[in-house]
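Coming up is one lone chain in structure tokens, specifically the form predicted on its own.
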Amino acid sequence: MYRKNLFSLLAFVVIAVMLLTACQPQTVEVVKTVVVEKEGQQVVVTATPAPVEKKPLPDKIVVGVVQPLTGTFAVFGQESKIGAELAIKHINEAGGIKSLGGIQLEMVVEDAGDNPDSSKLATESIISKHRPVAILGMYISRFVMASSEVTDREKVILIADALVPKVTQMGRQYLFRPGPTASDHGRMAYNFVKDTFKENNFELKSIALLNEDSANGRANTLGASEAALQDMLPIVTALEYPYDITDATQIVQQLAAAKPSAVIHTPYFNDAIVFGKAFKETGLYPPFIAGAGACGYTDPESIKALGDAAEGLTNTYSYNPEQDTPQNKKFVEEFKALKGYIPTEAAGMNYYGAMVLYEALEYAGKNFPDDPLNPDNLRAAFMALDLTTGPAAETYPSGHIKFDGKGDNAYPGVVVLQVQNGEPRVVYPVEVRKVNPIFPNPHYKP
């Protein structure tokens, strides 16, 4: 009889708690029942801990930008900042994060400075002062590798715009790279050279490889050399130089002596100008010069500095400024209104990077409504994305963004731009180009 009454009492308690819980959709109550001994008799004790409240949303969602705004790489950082600003402007104008009731985004900025240590300090500073849900940065791969130690420790999403493969090979859990890798760039530069020679009935007998002495330069060269070795194409020389080089005359003479059919070169910015001028001043042009990685030869500021020496030079890009989609056209139009030229690689990468964040926030709002900004929920949202439509896909070269287990995009996209009549134009891959490449280099003399 006692046991019967005990089970009846237990059933009554459970049913009563269920009814009470059903009346309060904003909380989750967990009821624990325990049978204990008290004065020789078994007594049922129920315990209801404090309800788990739905996390309140902020007035605005803070997004951080950490880029090199001063120093050697400032040209990239300034362009990156503008790309992020325009993306956030467009997101807010379109209604903010709709799954979160239209919350607007607010951008905060820190200068990454000129080295990995200053970048790391800037990352710590922006998190301490603003606690952004995500950070866009930092273009220079070694800056990203240093700063990602901080973002992972603090569980802040880092959307990297750097190319070196190692960036996503360190086991970082909160780092995502929508763009391609330096190896992708090197392979694309080689394939472009090979296909362009074939298209113009010109024999590709050999190549020379040239890069500045950083992980980025070496990774691009590795991608190009692996592709060339697969075709058993001779590599007549491979040269490396300090990124702060001021006179490239001797290296250009070495390249001329090796007599390659084409040079695949990975420059940043200042070194691209130094080499472009050295080729022009010596007149020692190979039949073709193809840039890989960064955007050295085809950045509008490089073209301005080089003048006629830029004509015919090419460079791979992690962004296609001529992509024929409504979102990309809007971005290009507004960027040109601000700067007077088409978006650069750095600007484009941060535009679509911010748009990927937008898609992840929308996903988190729909699928984690109780705590969408929790860093683990936001990380899960990034991992769940498979974008072939929408603003991020419309501004990404391959039109497809889906992250693998390392945080890399499984569908990397790269295009090749060439300076024609003083303007950078998309010339490769063939299916997306608007104009045919100029071949051979217009300054080449057989």
Partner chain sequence: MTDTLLQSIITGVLMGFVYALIAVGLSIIYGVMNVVNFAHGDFVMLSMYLSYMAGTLLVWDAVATPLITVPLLFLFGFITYYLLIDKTLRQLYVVQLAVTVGLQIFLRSLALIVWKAQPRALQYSIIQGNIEFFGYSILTSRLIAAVVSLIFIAAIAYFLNKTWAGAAIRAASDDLDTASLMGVNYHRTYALTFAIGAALTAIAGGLLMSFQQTDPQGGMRFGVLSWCVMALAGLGSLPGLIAAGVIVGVAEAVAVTFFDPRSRLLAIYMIFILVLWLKPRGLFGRK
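Residue numbers count along the first chain shown, from 1. Given the structure is predicted, the values throughout are model-derived calculations rather than measurements.
The same protein has a further form, the form predicted together with its partner chain, not shown here; the description that follows concerns it.
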Exactly one of E334, E226, E106, E240 comes within 4.5 Å of its partner chain in the predicted complex through a heavy atom, and that residue is E240
So which of L233, I91, I342, A309 reaches within 4.5 angstroms of its partner chain in the predicted complex, heavy atom to heavy atom?
-> A309
Quick one: which of 362-370, 179-187, 342-350, 72-80 gets within 4.5 Å of its partner chain in the predicted complex, going by heavy atoms?
-> 72-80
Verify the contact flag for L338: yes if a non-hydrogen atom of it lies within 4.5 Å of a non-hydrogen atom of its partner chain in the predicted complex, no if not.
-> no
So in the predicted complex, does any heavy atom of K277 sit within 4.5 Å of its partner chain?
-> yes
Would G283 show up as a contact with its partner chain in the predicted complex if we use heavy atoms at 4.5 Å?
-> yes
Taking heavy atoms only, is N200 within 4.5 angstroms of its partner chain in the predicted complex?
-> no
For the stretch 412-433, return the residues whose heavy atoms include at least one within 4.5 Å of its partner chain in the predicted complex, in the order they occur.
-> none
